[in-house]
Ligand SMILES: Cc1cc2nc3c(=O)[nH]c(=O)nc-3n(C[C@H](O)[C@H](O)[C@H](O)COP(=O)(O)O)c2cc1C
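Here you get one chain, nothing else, as structure tokens; it is the form predicted on its own.
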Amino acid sequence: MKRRDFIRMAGLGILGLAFVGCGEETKPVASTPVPSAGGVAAGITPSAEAAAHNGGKKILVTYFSRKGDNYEVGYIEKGNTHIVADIIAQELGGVDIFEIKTVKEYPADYRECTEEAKAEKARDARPELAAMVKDFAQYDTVFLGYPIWWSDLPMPVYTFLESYDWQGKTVIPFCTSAGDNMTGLEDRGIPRYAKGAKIKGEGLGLRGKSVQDNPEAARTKVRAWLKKLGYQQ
């Protein structure tokens, strides 16, 4: 291998570590279009039985995820964080689920997406979202999922956090990346943008490749995490 080829491959590996991830009784929550947004996904609020099962709390599982060419896993039709969000919703039972989507889609090409995300982070951008959660006030607890992009939350997640009144709500973060870790910004960062919210327990970080390759192993980890947080079937 020529020296310049080795350097290029090493660079791609470092880039991948910095940027990764660019059912049953689960219901898509009704959404409200924002200006320039597209269609609306119909949904139903959680049942009284589901709320009772989850400690009387109305729960929303929301996530930002990305399809297309991803680090370590190649081209995927369902994002790593999307898979984890579905597992969480299924394990909780009877909760609503909402996907955070941007009006402008990110490039399907991995390298192009990383560069766009890097530029957004540099200017602290707030990408426009395609839809808003309908009746956000009804939820007590929000499970918030995202991939780690450039050692941070993706900028659309900050748009989401700044779009609602979080007073009295609990946020439980989860993410996917090149390893089983969080960004380290959650405890102080999320409440800064989600005004009035508090973080509950430890977040869950899962390796994106592991989620894609063995979703049942990911389910086992999610189940143990939820049990530790006090949520059990």
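Numbering starts at 1 and runs along the sequence shown. Given the structure is predicted, the values throughout are model-derived calculations rather than measurements.
In what follows, reference is made to the form predicted together with this ligand, a form of this protein that is not presented.
K.L.:
Answer with one of 178, 204, 197, 60: the residue that has a non-hydrogen atom within 4.5 Å of this ligand in the predicted bound form.
P.N.:
Exactly one residue meets the criterion: 178.
K.L.:
Taking 4.5 Å between heavy atoms as the contact cutoff, choose which of 87, 148, 100, 95 touches this ligand in the predicted bound form.
P.N.:
Contact residue from the list: 148.
K.L.:
Heavy atoms within 4.5 Å of this ligand in the predicted bound form: which of the stretches 157-165, 87-95, 123-131, 69-77 has them?
P.N.:
It is the stretch 69-77.
K.L.:
Examine residue 139 and determine whether its closest non-hydrogen atom to this ligand in the predicted bound form is within 4.5 angstroms.
P.N.:
Residue 139: no contact with this ligand in the predicted bound form.
K.L.:
Give a yes/no on whether residue 208 approaches this ligand to within 4.5 Å in the predicted bound form, heavy atoms considered.
P.N.:
Flag for residue 208 set to yes.
K.L.:
Does residue 117 reach this ligand in the predicted bound form, with heavy atoms at most 4.5 Å apart?
P.N.:
Residue-level check for residue 117: yes, a contact with this ligand.
K.L.:
Taking this ligand in the predicted bound form, which residues along 81-114 bring a heavy atom to within 4.5 Å of it?
P.N.:
Going through 81-114 in order - heavy atoms within 4.5 Å of this ligand in the predicted bound form - the hits are 81, 82, 110, 113, 114.
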